[in-house]
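Take a look at this single chain, the form predicted on its own, given in structure tokens.
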């Protein structure tokens, strides 16, 4: 279990998974992210909060180079995972995205069976040698996403036939099947009902024991419940980053306080 450092203390550098320095993001002439510096801790949940359009999802997508898929987007600065520059020309973005999994706002299972949804990543990345290994990996991923007991008797049924909450957990199973080191989540509960949201939150609590989890959420209550570190974004700037408890009880910037108390956003 990760113990967050006390407020004001420096994070032990051995706990750092992702380091970002002077990150800028441009969409054409629009300067969307400005000078973001942040160290993201391993085996913990880091929440990005802030008003709509503040840049939190844009910055999240920098961490696995999803912004590469947008023609007008340009990323500057430095982002390292385990000390390796992920924007180095020698880095294959496809391999990077196996290491840095992502779960999106709306569940997006492939139009395939439950089994094939989970098996897809391990197969294309050559992670298994035979069907037995693949079967074991699929079961492990579904168990890790707290879904195995609900679907083990219908693995060949379409993933799209599951409920919304089950579909999102299937997408989480698909993301963890490639055995990533970092798991990015872009508002993973915004399309879910309260019961499914609670199930995913419980799952995130478990996942942080294996991964560095970074979640964008529009819900401050959710950030307070599940994260150990919180970053507050506003107008493309990272205003404040600290232990979650400190951000919500004793923020150092007036803009953070205004957002948390509902005066901006």
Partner chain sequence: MTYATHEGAKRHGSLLTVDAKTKTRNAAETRFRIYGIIAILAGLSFLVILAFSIIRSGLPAFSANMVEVELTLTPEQYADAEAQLFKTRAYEQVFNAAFTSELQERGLDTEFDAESIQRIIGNTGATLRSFYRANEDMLGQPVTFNLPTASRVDGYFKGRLLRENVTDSRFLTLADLDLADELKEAGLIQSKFNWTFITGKDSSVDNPGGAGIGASVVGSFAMMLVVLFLSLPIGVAASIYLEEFAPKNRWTDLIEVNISNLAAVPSIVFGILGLAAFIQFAHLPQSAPLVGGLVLTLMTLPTIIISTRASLKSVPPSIRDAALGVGASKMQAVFHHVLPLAMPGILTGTIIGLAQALGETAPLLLIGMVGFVAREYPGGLASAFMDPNSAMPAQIYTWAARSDDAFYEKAWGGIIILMVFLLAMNILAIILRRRFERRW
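Remember, predicted model here, so these are calculated numbers, not experimental data. Numbering follows the first chain given and starts at 1.
The same protein also exists as the form predicted together with the partner chain; that form is not shown, yet it is the one meant from here on.
- Site residues 82, 95 and 99 are all in contact with the partner chain in the predicted complex, judged by any heavy atom within 4.5 Å.
- Only one listed stretch (46-54, 204-212, 30-38, 218-226) carries heavy atoms within 4.5 Å of the partner chain in the predicted complex, and that stretch is 204-212.
- The partner chain in the predicted complex comes within 4.5 Å of no heavy atom belonging to residue 195.
- Heavy atoms of residue 179 reach within 4.5 Å of the partner chain in the predicted complex, making it an interface residue.
- Contact annotation for residue 155: none of its heavy atoms lies within 4.5 Å of the partner chain in the predicted complex.
- Contact check for residue 17: a non-hydrogen atom falls within 4.5 Å of the partner chain in the predicted complex.
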